[in-house]
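First, one chain by itself in structure tokens, the form predicted on its own.
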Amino acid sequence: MMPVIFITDGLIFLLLMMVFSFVWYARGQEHLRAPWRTVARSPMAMGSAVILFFYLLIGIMDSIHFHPQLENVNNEEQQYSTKILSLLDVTVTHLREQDEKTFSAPFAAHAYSKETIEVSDGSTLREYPRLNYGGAHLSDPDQGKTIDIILKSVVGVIIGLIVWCFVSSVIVFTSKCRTSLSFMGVVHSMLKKNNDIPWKVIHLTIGVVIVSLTVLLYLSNYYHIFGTDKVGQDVFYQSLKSVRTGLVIGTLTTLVMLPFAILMGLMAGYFRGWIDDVIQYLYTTLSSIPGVLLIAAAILMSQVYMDNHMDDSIGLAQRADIRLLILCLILGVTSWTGLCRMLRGEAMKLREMDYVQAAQAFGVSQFRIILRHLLPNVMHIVMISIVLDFSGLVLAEAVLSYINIGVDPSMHSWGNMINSARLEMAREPIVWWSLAAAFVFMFMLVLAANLFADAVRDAFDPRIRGA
């Protein structure tokens, strides 16, 4: 295979490196470790963190792109396909390739609409045709489908339990290597009620997620578990591919927003005077512009620019990725004002503190005071804002795609799924499964992010910690 790195792929891995660097740095800083220990003691936060980890794992797998290698028939120079796949595409190849003709309901063995079928004697009749892949292994779906689904679900549960036991054993063995306890001693220690880390909740959540994914993936080999869309593509595959888009919107937008908010907020609160007036005028003016109109104008202008200036050699996938990056930039530019206001107020309070006054008296440079004394003391506000804004940005993508100013229509996203499903809600019978699948996946991600954000807010907010 020949690797392909999209711009958003590089930014995602850069963000991961920054997170790992922060974790490594925080290990030696007690004032940073203490709030995270508080988060680690919360069962709700740890359960949510496990769910977020699996979402992140799917997103990372979908961010490793490459051109697949073509079969070398005549010992010629190695050729590569023009198609760009990801590691997730290879993992769920059966979902990607098993397309039907059009709509089919979840776990259906027949199409959702009647078609004219020609029988052996030359006559025609209107009938629901059999699907090419969904339930194709059944000779009589009307009789044996329910029992078959139950049996295959049991097999999926057994496989999931085996995988869960293996993962839990790896976690226990890793913990054993850092202590002097035996393997069973570590197990008993994790099961204690007075343990600082809620290991029972962590292992239980891991088990539920692994067993659920295993059952869904095993059943998807035989059925379209969430049905198919208008062009016959598996909805479960679309939902998994949309995870990366949601994570990119939620994380890269934050990466764009933070430098604006931190720099301008601290400068406005510390320097005051004309600098404060200019920054206030800037974010007040920007906040006065309707966000949807600003995003729509920027997206349309960027689309026209790409159509007129981009090389034709750039494929549809790269164009969609560039549009996703532009959307992250626009959302970042329009969403930094709230955090900037909070940091400005906090900086105005901190500049009157004794240690800042002492630094000024000793002749310490202004920007050194901002970096050494102001920035560390507002990081709790920054951290709380990051985790709270994540879920809002994920929902923003769905809303923007719903009104056709979000990500490219060719890119998988929950917003595009909802946008395409709304036209089918007026059908009779109604096509509901694309909307339901997008809702379930987005709801689980946003709920887990919000629960985790609540724990982070409680741990980092000094007023709550003081109470």
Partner chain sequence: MTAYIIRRFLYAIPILIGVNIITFLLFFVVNTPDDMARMHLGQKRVTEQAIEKWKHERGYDKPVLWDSQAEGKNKITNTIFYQNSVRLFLFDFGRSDNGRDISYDISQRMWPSLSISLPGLFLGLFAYITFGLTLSFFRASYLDIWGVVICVMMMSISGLFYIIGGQFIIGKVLHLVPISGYDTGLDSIKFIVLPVLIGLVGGIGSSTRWYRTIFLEEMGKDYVRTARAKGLSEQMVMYRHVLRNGLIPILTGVVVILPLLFMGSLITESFFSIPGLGSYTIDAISSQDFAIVRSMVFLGSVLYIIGLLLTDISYTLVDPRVRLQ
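Predicted, not measured: the structure shown is a model, and the values here were computed from it. Numbering follows the first chain given and starts at 1.
Keep in mind that the form predicted together with the partner chain is missing from the display, and what follows is about it.
Shown without its partner, this chain lists Q357, S139, T284, T174 as candidates; in the model of the complex, only T284 has a non-hydrogen atom within 4.5 angstroms of the partner chain.
Scanning A45, I60, L435, L52 against the partner chain in the model of the complex with a 4.5 Å heavy atom cut-off leaves one residue, L435. At the 4.5 Å threshold, heavy atoms of A26 stay clear of the partner chain in the model of the complex, well away from it.
Not displayed here, the partner chain is approached by A297 to within 4.5 Å at the level of heavy atoms in the model of the complex. When contacts are judged by a 4.5 Å heavy atom cut-off, L395 counts as touching the partner chain in the model of the complex.
Not displayed here, the partner chain is approached by F439 to within 4.5 Å at the level of heavy atoms in the model of the complex.
Partner proximity in the model of the complex, defined as non-hydrogen atoms within 4.5 angstroms of the partner chain, places exactly one of 253 to 261, 376 to 384, 299 to 307, 86 to 94 at the interface: 299 to 307.
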